[in-house]
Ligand code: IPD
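Next up: a single chain in structure tokens, the form predicted on its own.
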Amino acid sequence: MTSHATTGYEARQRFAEDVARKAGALALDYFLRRETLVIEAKKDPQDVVSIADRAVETLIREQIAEAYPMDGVLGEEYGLIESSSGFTWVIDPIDGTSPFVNGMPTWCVSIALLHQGEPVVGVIAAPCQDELYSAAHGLGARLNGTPLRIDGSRTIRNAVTGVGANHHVPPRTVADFVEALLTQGGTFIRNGSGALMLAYVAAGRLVGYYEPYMHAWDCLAGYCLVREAGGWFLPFPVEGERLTKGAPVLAAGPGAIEDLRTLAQL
């Protein structure tokens, strides 16, 4: 990587951190008065959206348009604006809307940056915990400024694996994975936010995370964090229209990669 590219990533990383803080503050304000929000269901009753999601995504998009008008933007609520710069921001204004509207703190703001098909910046703000996860290609990962490095001695048997589920796949797919994980001596959690659980992998709180179907806005920031903290992730398809479609997501620390790939059959 050239120093010019690294400088470009670093500047955009600082920008993403600033935007994530602003977006997190706005989202937290909505969270603290969530009883006033109008909640809508999408295709599935468990898949919900509120005015908070839309307002936070609008704020992020406006900030990007002002600072980097030639960059593309893909967001969960308002779709894709094509890039003319080679950079595309991929954002989830509130990942974990179900925990959010039900008064649980396990939600986050996720901002990723794609360049040449790779997630080169990943920033996740978890306002309820006052935590900011941040990473950029070649620059490492940090949590509130403290460097993150995954412990390679942790495995599925001595640590916890995160698991995600949604209506896009048959329940049996997730059930089979959980059964296999438990059979191998592992255990799991699901907190309702895939992006936040990926950040937990980077922070060493989870040894890995698996979800059989996720979108780019849910996983790319977390993927950047995991890679920069010394972990591995299953590449997400980002070519053309595939960027807007879902795909399996798997990320892990060094000591859990092979076990989780086997269990997930990936």
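The first residue of the shown sequence is 1; numbering continues from there. Because the structure is a prediction, the values reported are computed rather than measured.
Below, we turn to the form predicted in complex with D-MYO-inositol-1-phosphate (IPD), even though it does not appear here.
A heavy atom within 4.5 Å of D-MYO-inositol-1-phosphate (IPD) in the predicted bound form is found for exactly one of Arg157, Arg190, His115, Arg149: Arg190.
Of the listed positions (Ile64, Ala229, Met214, Leu26), a single one reaches within 4.5 angstroms of D-MYO-inositol-1-phosphate (IPD) by any non-hydrogen atom in the predicted bound form, namely Met214. The candidate site formed by Glu17, Asp71 and Val90 is entirely out of contact with D-MYO-inositol-1-phosphate (IPD) in the predicted bound form, as no residue has a non-hydrogen atom within 4.5 angstroms of it.
With the partner omitted here, the stretch from 118-126, 79-87, 163-171, 133-141 that lies within 4.5 Å of D-MYO-inositol-1-phosphate (IPD) by heavy atoms in the predicted bound form is 163-171. Residue contact check for Gly186: none of its heavy atoms lie within 4.5 Å of D-MYO-inositol-1-phosphate (IPD) in the predicted bound form. Heavy atoms of Ile111 never reach within 4.5 Å of D-MYO-inositol-1-phosphate (IPD) in the predicted bound form, leaving it off the interface.
In the predicted bound form, at least one heavy atom of Gly96 sits within 4.5 Å of a heavy atom of D-MYO-inositol-1-phosphate (IPD).
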